[in-house]
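Shown below, as structure tokens, is a lone chain in the form predicted on its own; questions about how it binds or moves come after it.
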Amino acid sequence: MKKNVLIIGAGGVAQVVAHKCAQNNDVLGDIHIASRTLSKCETILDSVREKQSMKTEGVLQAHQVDATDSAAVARLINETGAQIVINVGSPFVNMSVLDACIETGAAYIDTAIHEEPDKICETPPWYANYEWKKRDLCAEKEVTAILGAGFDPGVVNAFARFAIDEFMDEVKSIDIVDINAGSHGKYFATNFDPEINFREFTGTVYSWQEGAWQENAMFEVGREWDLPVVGKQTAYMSGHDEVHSLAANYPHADVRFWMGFGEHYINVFTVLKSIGLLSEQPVITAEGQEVVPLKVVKACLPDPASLAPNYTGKTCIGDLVKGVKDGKEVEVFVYNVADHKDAYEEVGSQGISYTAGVPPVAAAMLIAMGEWDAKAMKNVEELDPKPFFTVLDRIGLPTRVRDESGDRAWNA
């Protein structure tokens, strides 16, 4: 049984992870959190103590580390005795943290694909550019590495696997739909790191259709969805991590990702992009200073964590999976609904951070208990989804199913 967790990162998602690890420290043991800025880690741990999240008495400690320095991360893993690393730092540090885990033998979990700061939207499948290159080494050294174990990617990958295994002989399509029907009350803000948020939407929209990669522009393809609780919402086909692993594991299915956007977001985004303010490439100001426009925009926007106190409304994220069962066409929607206010009251974060932060803790618990200790690199759809759903149900993100038989809990 693996125990003792090291959390990398100190943003809104890391806050959720810290609270949830504390609530389950009877399974996860000592809890350590590290980032470049020690004070941010200490603020998160203060929140954990204030809300009395620790289930049992135990270690709760903050550390400073440059997560781009793989050797420094490895030293910290060894110093803390951590056997599970939950990486919710910037996607720019994925490979250095993964390398530290391979060196030390600690299990690795992340919630998003690796990115390089000066590159956007690389050649698909994205995982093959970085993480999958370490797959053989993880297997050789028997290191468990679970990629993309947030909500999307993550839980939605498990939704797809579950729908296919339980309801189909053959899968035809997987449409992942992410709707945030909440309101934060700001003129304009992003729900997570603005730099990462905008990078998702400035490149090519890749989808897997008819056995090949298809390319579209952002906001080119949209449609209305009628979903549980949040009702009718417009979502646009977007590029996203999980498409790239699901396409590899289900190559005969069309795989698409859809995200909800309001007209106001689209208008502001379009203006920022059109005048070059979303570029990741540096420019020289009239005063001779070199700046990256995207980083300037990030500095001017609200910190996503600051949105939490006034956030209202709900999210609905799920998979509409279509296929064939006993010669007949079937479709099933597997989904979760989360509430922004409930998330804030429990862990001091908004619902987007909550949905991203709870699943990697569930994954860590399954590694600790041995059920997901794969001793190899895996994307979430390559693991049994039922234990995952069971833990998620218990710690805050229940899974539901809607099909021709009605709307019900996944295990009803």
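Source: prediction; values computed, not measured. Just count from 1 along the sequence shown to find any residue number.
Heads up, the form predicted in complex with a further copy of the same chain isn't pictured, but that's what we're talking about next.
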item	value
Residue contact check: residue 270 to a further copy of the same chain in the model of the complex, 4.5 Å heavy atom	yes
Interface membership of residue 135, a further copy of the same chain in the model of the complex, 4.5 Å heavy atom rule	no
Non-hydrogen atom contact residue 185 with a further copy of the same chain in the model of the complex at 4.5 angstroms	no
Contact flag, residue 36 vs a further copy of the same chain in the model of the complex, heavy atom cut 4.5 Å	yes
Single option in 105, 293, 203, 222 placed near a further copy of the same chain in the model of the complex, where near means a heavy atom within 4.5 Å	293
Heavy atom within 4.5 Å of a further copy of the same chain in the model of the complex - residue from 309, 231, 276, 211	276
Interface stretch in the model of the complex with a further copy of the same chain - options 231 to 239, 294 to 302, 122 to 130, 203 to 211, non-hydrogen atom within 4.5 Å	294 to 302
